[in-house]
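Next up is one chain by itself, shown in structure tokens, the form predicted alone.
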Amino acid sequence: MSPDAIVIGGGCAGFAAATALAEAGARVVVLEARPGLGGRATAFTDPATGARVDNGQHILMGCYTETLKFLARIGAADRVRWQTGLKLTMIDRAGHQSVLALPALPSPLHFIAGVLTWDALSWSERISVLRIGSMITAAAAAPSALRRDPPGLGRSVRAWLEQNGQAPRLCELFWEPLALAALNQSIDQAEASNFVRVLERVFGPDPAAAALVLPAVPLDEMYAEPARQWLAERGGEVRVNAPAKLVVDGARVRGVRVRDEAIDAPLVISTVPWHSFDALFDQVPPGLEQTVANATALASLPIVTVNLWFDGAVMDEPLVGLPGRNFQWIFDRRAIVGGNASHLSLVSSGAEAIVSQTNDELAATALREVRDALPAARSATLRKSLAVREKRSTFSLAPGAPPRPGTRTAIEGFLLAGDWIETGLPATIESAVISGHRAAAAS
């Protein structure tokens, strides 16, 4: 029996689309080319220890409304842990520790009040944030106007911050780490309008939007495996090791081919990333040439994660920010997912400068920066290190980057999803889930 829909790709976008379609009564087949599920948000088994290790630390936020809706749909809402409000410990390059905490006030007053009471900054530096606060207020009052003329369009994030009077130390301690985490690109390269859209969501009308939501289990267990099981219970099918090629009949989709097997369906949703999009076609169908060309021209950016295991606890909090360093954030996996091992994950976004280093070099850099920041790590013994590189983790948001495609294509019955589809957001889990839900709705 032929399925009602085929979804190519077993990551966030693919499972968001597939489960939304199945919820509406469709019989769905999900095809994943890799041996495991999860795409660029997954986990693997470390062969040396047997531990499950994420391919990169991901966090969600309270403003990830579509992602949270998706997790609730598949019965996985309890696989994340909410932080009450936004509370970030930052340790600057001089070793000074401070805490940025947003109080329980309406937005954007919670953001403004949090920065104004942040003792890492001088009073003049704190006051400079008021300009950004007023812009967030304007965004909440007139979002359609900002969509027509988005702030920062064509300018780098740094140029936009400077234009809005942001003090250099505030940029180093707060704006740059936040921008790197959101955009995975240097603030000298990424276009500011993308960052402004993130700020509108994080510091929007709902104060809970800024809350951190941390996966409480390995990433594939957070959503991929629950989604696979949820689909199976509703007559769906999920296949791995199933590389798909699109089959088109004239200007309409016919289905896909997986090696020598033809699978017909009136609807096919591609959620493959930009760098693999051209591999869907033996020959690019008429009408998709420009989409393929733009996807091929879209530059890729790396994220490097170094995992360090110590012989004892060295952190008291789930995460700590390290502004001005190679690795911007330390996550304590023991505090996030439990267990007895003292396991830290250090994340370097926009990691072009270090991605080509050897594993030993990356581990040495990470260890040095941990010990510089955390006194308890100086006397702890490092038991093991593991470097993970996602060389094509996200796409470039630099001015002049090729345009991102929409959901619909020139081929009837062939829709696009994935974090690189035009969602108004950078390459995040929320962007991926939004795109999957849009594709399901467009069918």
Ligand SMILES: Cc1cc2nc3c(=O)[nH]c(=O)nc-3n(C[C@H](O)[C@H](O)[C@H](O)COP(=O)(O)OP(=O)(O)OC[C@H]3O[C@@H](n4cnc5c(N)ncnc54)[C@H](O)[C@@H]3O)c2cc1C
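None of the values given here were measured: they were computed from a predicted structure. Throughout, we count residues from 1 along the sequence that is shown.
What comes next is about the form predicted together with the named molecule, which is not displayed.
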Inset, instruction - Let me know the one among 314, 120, 71, 303 whose heavy atoms come within 4.5 Å of the named molecule in the predicted bound form, would you? - result: 303
Inset, instruction - Could you work out which of 196, 272, 248, 336 is the residue within 4.5 angstroms of the named molecule in the predicted bound form, going by heavy atoms? - result: 272
Legend entry - Joint contact, 40, 59 and 419 to the named molecule in the predicted bound form, by non-hydrogen atom at 4.5 Å: yes
Inset, instruction - Please run the contact check for residue 21 against the named molecule in the predicted bound form: heavy atoms, 4.5 angstroms, yes or no? - result: no
Legend entry - the named molecule contact in the predicted bound form: residue 83, any heavy atom under 4.5 Å: no
Legend entry - is_contact(residue 439, the named molecule) in the predicted bound form, heavy atom dist at most 4.5 Å: no
Inset, instruction - Report yes if any heavy atom of residue 6 sits within 4.5 Å of a heavy atom of the named molecule in the predicted bound form; otherwise report no. - result: no
Inset, instruction - Tell me the stretch among 45-53, 376-384, 389-397, 403-411 that has any heavy atom within 4.5 angstroms of the named molecule in the predicted bound form. - result: 389-397
Legend entry - Contacts with the named molecule in the predicted bound form - residues in 1-24 whose heavy atoms fall within 4.5 Å: 8, 9, 10, 11, 12, 13, 14
